[in-house]
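Only one chain comes next, encoded as structure tokens, the form predicted alone.
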Amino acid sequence: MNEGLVADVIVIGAGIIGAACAQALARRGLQVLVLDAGLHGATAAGMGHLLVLDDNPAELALSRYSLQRWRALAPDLPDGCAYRNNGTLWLAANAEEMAVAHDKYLNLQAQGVACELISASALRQREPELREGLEGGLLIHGDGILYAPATANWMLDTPNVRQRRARVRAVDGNRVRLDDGHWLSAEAVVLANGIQANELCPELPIEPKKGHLLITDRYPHTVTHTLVELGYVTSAHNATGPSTACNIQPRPTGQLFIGASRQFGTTDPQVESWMLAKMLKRAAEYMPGLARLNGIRAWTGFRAASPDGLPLVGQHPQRQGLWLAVGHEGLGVTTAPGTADLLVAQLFNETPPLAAPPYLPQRFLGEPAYA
């Protein structure tokens, strides 16, 4: 580390993306300083669902690679991270959605993802709480869950990683200015602070998507897999109005997470009763017994969404020394290890583990303005 630098790399944001980047950099022998304002962003608010998605080849490549990395990390994760390989069961409500399940099955199977189509009768055997009349489903065996805040803390508890509670007010390449006016310098700065990234880089095409979640009291053995309706594929990328989709996740505590909702055009963190009711009603359409369970807490969070649904991972083309790991929307927890590997490979000028161009910031910010 050069004299006058506070670290080899400064990472802005201690959520799951920043933590994964910090750990990966530190394991390469770099001194890493993580700055976080303590705003409790998407990592604290999310479900911690680890899933392969295949809306496009780049999303499939990043999520598939990242799931492999999570499974490799699993033996090292402390119990508090609550990692479980419980699988995702995509629910088809009708023949049209079952056709979508079949297409996904063929696509995922071709990429070596372990999955199987589930008939209507087998669906009820696997998940007796589901309503009758569903057409069937698709089970993705390798998907899982974890408790993201504890996992981020574990990543940050890595040799060569230091943390500091501080709000960054400005970024100038490889320098950052803190709330108190002090400037800190490093060889590189990594911006990984979700929707707050726009405050430091207004040119970033990131938009907040608000989401609601509810957690129930403890009801052990009610649900085994994470249950997601296939209509989620459409609603998750709904670019205009508010939307909901059934998403029910069993926690190791016996509680259930119930989601999911999406709203644009708001940064109000308040729980909105009309949206919460709409979301719960949708979930109960798939699992009627939910109406009898006690919900003990509801909250909201904001996903940082890019226009094409893929993250921006790589050096900022107009700001030398500044690296980006932002715009993951609802896949931040899933793709954290893949994002970190992509970023580190580029920073060290190595061949990345998967093709980098679909995720490079240049697609929105233009070609590099420096040699």
Ligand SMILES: Cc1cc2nc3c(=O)[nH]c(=O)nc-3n(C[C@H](O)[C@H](O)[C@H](O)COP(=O)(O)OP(=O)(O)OC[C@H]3O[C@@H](n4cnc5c(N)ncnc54)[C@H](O)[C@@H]3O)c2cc1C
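A quick note: this is a predicted structure, and the numbers were derived from the prediction, not measured. All residue numbers are counted from 1 along the displayed sequence.
Keep in mind that the form predicted together with the named molecule is missing from the display, and what follows is about it.
- Looking at the named molecule in the predicted complex, residues L39, A45 and A166 each place a heavy atom within 4.5 Å of it.
- Per the 4.5 Å heavy atom criterion, the named molecule in the predicted complex is contacted by stretch 301 to 309, the sole one of 342 to 350, 22 to 30, 301 to 309, 54 to 62.
- Interface residue remark: G15 is counted as part of the site for the named molecule in the predicted complex, having a heavy atom within 4.5 Å.
- The shortest heavy atom separation between G332 and the named molecule in the predicted complex is within 4.5 Å.
- Under a 4.5 angstroms non-hydrogen atom cutoff, the named molecule in the predicted complex lacks T244 among its neighbouring residues.
- Proximity of L35 to the named molecule in the predicted complex: non-hydrogen atoms within 4.5 Å are present.
- Taking M275, L108, A188, L200 one by one, only a single residue has any non-hydrogen atom within 4.5 Å of the named molecule in the predicted complex, and it is L200.
- Along 189 to 225, a non-hydrogen atom within 4.5 Å of the named molecule in the predicted complex is carried by A192, N193, G194, Q196, L200, G211, L213, in order along the sequence.
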